[in-house]
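There is one chain below, alone, in structure tokens, taken in the form predicted on its own.
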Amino acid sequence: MLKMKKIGLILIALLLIVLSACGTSDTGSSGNGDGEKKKTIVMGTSADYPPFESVDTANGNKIIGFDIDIANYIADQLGYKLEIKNQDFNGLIAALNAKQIDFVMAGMVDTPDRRKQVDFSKSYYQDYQVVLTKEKNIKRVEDLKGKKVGVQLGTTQERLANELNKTIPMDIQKWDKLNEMAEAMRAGRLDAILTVGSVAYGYTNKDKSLKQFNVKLNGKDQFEAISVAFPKDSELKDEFGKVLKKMEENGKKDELVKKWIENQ
């Protein structure tokens, strides 16, 4: 009887050792240093919008950019593991509300219409609305009359084009991806593109046949406040807000602006 008890105790001890070993391996590389497993948060983006986000085809199609570096920094500061999902810009808010993603960073502008569907962080970058073109005779917004003008679906540029079209009739062409619009413009299928200054600069800096100029309405430049989008009442909004404020104070945001926008 004593022998059976000893065997039972040995088996129990061995079982505890096995369970302990399994528990250790489960944390793996996603642990945060104290044995806890990191929670994964999913970022939705549209990686056709350099310098904010684009696909680095030279390095295994990795998604890179200003938004990506900010998101990685915030996730690291908050102890999250970051996963990035790439899709068309026009479907990002729907994906957010369907809980397929936790937040959106895609050069997205905080607008009253979008605010009805989602919550936004404070703005982390402001940009101008511009016209990107290679046509020498397009020098101001009024010159877009009768021209083929490309806009990305679901963007504030689509809304701006519709507004301009009331007084400056143009042939508005709606596309899913900005980089495809740029190729169409180079091939002569578009006369101009509406986008933001930092994105246009990435093209004009590399291709001197292209130029950009600010869109003016009633004599005023059009600013855009770029923000992070969240589902309504998401706890992530306040968490992200604290880190974004910290990035402004410690110089990290300025460092990334210089890296991705000023030095592109």
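Throughout, we count residues from 1 along the sequence that is shown. From a predicted model like this one, the values you see are computed outputs, not experimental measurements.
Although it is not shown, the form predicted together with a small molecule is what the next lines describe.
Site annotation in the predicted complex: the residue of Leu144, Met108, Met181, Val131 reaching within 4.5 Å of the small molecule with a heavy atom is Met108. Taking the partner from the other structure, the small molecule in the predicted complex has no heavy atom within 4.5 Å of any heavy atom of Phe103. Put simply, Phe89 is close to the small molecule in the predicted complex: some heavy atom of it is within 4.5 Å. Among heavy atoms of Arg114, some come within 4.5 Å of the small molecule in the predicted complex. Using a 4.5 angstroms limit between non-hydrogen atoms, Tyr49 touches the small molecule in the predicted complex. Only one segment in the set 148 to 156, 185 to 193, 74 to 82, 134 to 142 has residues whose heavy atoms sit within 4.5 Å of the small molecule in the predicted complex; it is 148 to 156.
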